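Here we start with a single chain on its own, the form predicted on its own, put down as structure tokens.
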């Protein structure tokens, strides 16, 4: 899966992004909504227009959860257990959306980090976000 070096790189990137979690998260959500309009159905009760407080708050929650998981990737299943249950049983989110969001997050990271988002960082982050999405979807089986 991920080497020690990749895990350290991922943790470093997410730690640096925590102060701008609202910006990163809301941008990734907007990309997902624009690219995959069907994903908006789960947010019909919220104002998800650009820079809305709902969008920024939810985006921040997502980024902080991703950053928290990056601190100890080997414990991802444990750290995401409450979110697995919430998304599978209460919110009933289509698990495909986790993969879609991961792809949108990669684009957002590339835009935000620029040259710092090297091919090595991109590959490591793709592996991590894929694992994150897979763990969130485990309760659906």
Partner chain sequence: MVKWTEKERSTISAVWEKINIDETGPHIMARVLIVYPWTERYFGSFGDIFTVAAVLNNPKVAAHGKVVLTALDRAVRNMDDIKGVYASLSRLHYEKLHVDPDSFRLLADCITISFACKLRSSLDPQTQATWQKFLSAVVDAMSSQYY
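What you see is a predicted model; the values in this text were computed from it and never measured. Positions refer to the first chain, counted from 1.
One more form of this protein, predicted in complex with the partner chain, exists but is not displayed; see below.
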With the partner absent here, would 30, 120 and 123 each sit within 4.5 Å of the partner chain in the predicted complex, counting heavy atoms only?
yes
Within 4.5 Å, heavy atoms only, one stretch in 69-77, 41-49, 98-106, 54-62 touches the partner chain in the predicted complex. Which?
98-106
With the cut-off set at 4.5 Å between non-hydrogen atoms, does residue 113 touch the partner chain in the predicted complex?
yes
Residue 34 near the partner chain in the predicted complex, any heavy atom under 4.5 Å?
yes
